[in-house]
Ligand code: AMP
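Only one chain comes next, encoded as structure tokens, the form predicted on its own.
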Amino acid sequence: MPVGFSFDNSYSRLPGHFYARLDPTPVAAPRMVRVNAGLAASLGLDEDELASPEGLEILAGNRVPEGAAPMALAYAGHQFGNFVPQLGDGRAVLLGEVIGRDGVRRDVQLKGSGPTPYSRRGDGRAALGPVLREYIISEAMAALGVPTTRALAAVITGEDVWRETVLPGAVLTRVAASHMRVGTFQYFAARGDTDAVRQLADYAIARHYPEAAQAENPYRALLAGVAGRQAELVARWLLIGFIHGVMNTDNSSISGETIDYGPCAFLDAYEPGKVFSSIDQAGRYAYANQPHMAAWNVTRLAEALLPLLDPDEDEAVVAAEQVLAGFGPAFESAYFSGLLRKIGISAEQEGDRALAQDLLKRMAENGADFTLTFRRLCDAAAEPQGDSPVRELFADGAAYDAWAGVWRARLHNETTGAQAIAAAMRAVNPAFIPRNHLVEEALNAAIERDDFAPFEQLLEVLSRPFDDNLAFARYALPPQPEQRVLRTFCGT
């Protein structure tokens, strides 16, 4: 039985200069690592068909499935502030689009599928480590409730790739709401192709922001929609301690999903200026700088859309500035409402934001683990005996005690009881995140020993991040000094 993707490929109906048509490059000896059964089912796909010999051939790039329209997408981008007028899918091929059981259209893309016209002398391949990293973290983000691309499958190619050393090659099948980026608009704007910018904007509105079509100025509504989703997305990142690591405009999705998991990482101890990425030497994309950089990226989108906002350039700039002025308030609303929920406050009162910020300040000064502090606060909210496990996370326990007294007095003003507050906190403060040392442990086992058991176990733990489970206790703990991950790498 053929693998039934039921493609409906709308992007391929855009003009030919939006992409380059090509098939994936076949690989030598593909071997399945994993098929994401739950995601497959939601897309109307059969897990067994995907895991079959024919399915493996498709997911490895050795066979083009019926109805596919394989292509590499064109886009540009600001990379660490420097504009590159042509980037594009240098190691990925979009097979096509499927409409899931929920009625949502999604891209199915092979990442690591060989060279394209946009490869810029690269081999177009992916190593196993980055493929598994993206699989783990994107699926963890989905379980945490963060908008994200998803991993449908991972395949070993049977071929080596050369990076700093020889590594096993792999292909990731990525599912996304779309692969349109801020950089996609920049690609055409940089060429002065206003017609293409308009066509792309109309397509983005139809696919992601249909309500904008009814607005007085649909393109201004599109910009506002993207700005709002980006503000909400970055707020969610900060609330779980996530650092993207490479927030270039070509990694900024129009749909509002997290995309392109390269040198990403999660905070252990809370450090607002923390940087993991080996290529972010100036700290441009540090943890606390992410809201500013998201606003910067949306501003670049506004620049690309200026000709559509108003025929008069000055009026277009005014319209863009009015939209962009809303980014900060939108971010702060999303961030602080989430931060207050993390400490058990459901209805904001005067002084609550300062209370939450004071906790973060004390955490930073005392090296307190970000995830564990908030998770253990859940028990402290239920009863004062829960204070001790939180206090031990602080270098100076008195710093926590001083804050906790004020916090507990504030919780008395909530309309629900202590147990209900604690339960609500447990629903937003995960017990398990993809801790960097555990991710590295899983990747090393797969790369060095062909052992995928740690990878599978970690995925199981992360699939239920808000559930306490004593059997998984070690996955909740911060790293020992010798286990700390100090640098993460892009892997391209």
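Numbers for residues come from their place in the sequence shown, where the first is 1. Bear in mind the structure is a predicted one, so any value in this text is a computation, not a measurement.
Not on display, but discussed next: the form predicted in complex with ligand AMP.
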Report task. Using a 4.5 Å heavy atom cut-off, indicate which stretch of 355-363, 194-202, 86-94, 294-302 touches ligand AMP in the model of the complex. Result -> 86-94
**Report entry** Interface membership of residue 255, ligand AMP in the model of the complex, 4.5 Å heavy atom rule
**Finding:** no
Query raised in the report: Using heavy atoms and a 4.5 Å limit, would one call residue 133 a contact residue for ligand AMP in the model of the complex?
Result: no
Query raised in the report: Are any of the heavy atoms in residue 75 no more than 4.5 Å from a heavy atom of ligand AMP in the model of the complex?
Result: yes
Query raised in the report: Would residue 280 sit within 4.5 Å of ligand AMP in the model of the complex, counting heavy atoms only?
Result: no
Requested in this report: Work out which of 311, 122, 329, 81 lies within 4.5 Å of ligand AMP in the model of the complex, going by heavy atoms.
Outcome: 122
Query raised in the report: Which of these residues, 341, 163, 408, 391, gets a heavy atom within 4.5 Å of ligand AMP in the model of the complex?
Result: 163
Query - Interface residues of 223-251 toward ligand AMP, as seen in the model of the complex [heavy atoms, 4.5 Å] - result: 250, 251
